[in-house]
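Okay, so here's just one chain, in structure tokens, the form predicted alone.
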Amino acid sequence: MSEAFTTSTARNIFYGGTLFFLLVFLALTYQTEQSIPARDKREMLADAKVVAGKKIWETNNCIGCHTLLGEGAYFAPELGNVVKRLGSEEAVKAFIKSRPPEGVPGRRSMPQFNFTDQQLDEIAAFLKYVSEINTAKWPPNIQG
């Protein structure tokens, strides 16, 4: 190793590197804080149906099987884009409503929750809200 690399040089590299990466971290944090409100569609959370749908999502532990924007269990499909994948909120409601009470013999299947029409509207509204969040192209394909 070169004799020019002294303890003082190492300390200056450490302090310089620390300062550089601290500034990068602060700049990225600022940029994220500025862009999130435009991307997450938080104004849709004022809709009571979306909030009620989120509550249904949570109380029925849907994330115990599904992922939502990459978070959750990987037992069942990603639901972050399910409204786009199935084509409409009506298709989502029809799919949930059509689940057989006994499941599908020989394979895993989503249980029948016997949601009311209002609850189906609410969960579909929540999933539509989630599908409209700008996730920077997540999930990477329409199949989730």
Partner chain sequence: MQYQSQAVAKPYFIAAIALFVAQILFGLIMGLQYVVGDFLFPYIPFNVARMVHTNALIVWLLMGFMGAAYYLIPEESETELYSPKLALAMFWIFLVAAGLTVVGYLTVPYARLAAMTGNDLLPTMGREFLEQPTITKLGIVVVALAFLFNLTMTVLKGRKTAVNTVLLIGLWGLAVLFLFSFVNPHNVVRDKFYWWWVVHLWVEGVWELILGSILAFVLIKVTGVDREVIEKWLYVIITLTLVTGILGTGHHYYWIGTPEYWQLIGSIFSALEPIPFFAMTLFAFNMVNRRRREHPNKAATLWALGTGVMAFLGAGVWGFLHTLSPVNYYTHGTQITAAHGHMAFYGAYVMANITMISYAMPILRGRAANSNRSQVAEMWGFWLMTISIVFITLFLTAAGILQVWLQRVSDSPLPFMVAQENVSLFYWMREWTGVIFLIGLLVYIWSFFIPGEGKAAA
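Positions refer to the first chain, counted from 1. Given the structure is predicted, the values throughout are model-derived calculations rather than measurements.
Missing here is the form predicted together with the partner chain; even so, the following discussion is about that form.
Peer 1: Within 4.5 Å, heavy atoms only: does residue 84 come near the partner chain in the predicted bound form?
Peer 2: Answer no; every heavy atom of residue 84 is more than 4.5 Å from the partner chain in the predicted bound form.
Peer 1: Should residue 40 be classed as touching the partner chain in the predicted bound form when contacts are defined as heavy atoms within 4.5 Å?
Peer 2: Yes.
Peer 1: Give a yes or no for residue 110: in the predicted bound form, does one of its heavy atoms lie within 4.5 Å of a heavy atom belonging to the partner chain?
Peer 2: Looking in the predicted bound form, residue contacts with the partner chain include residue 110, since a heavy atom lies within 4.5 Å.
Peer 1: Applying a 4.5 Å heavy atom distance criterion, does residue 68 contact the partner chain in the predicted bound form?
Peer 2: It does: once the partner chain is placed as it appears in the predicted bound form, residue 68 has a heavy atom within 4.5 Å of it.
Peer 1: What residues, if any, in 40 to 79 have a non-hydrogen atom within 4.5 angstroms of the partner chain in the predicted bound form?
Peer 2: Residues within 4.5 Å: 40, 42, 45, 51, 54, 55, 58, 59, 60, 61, 63, 64, 65, 67, 68, 69, 70, 71, 72, 73, 74, 75, 76, 77.
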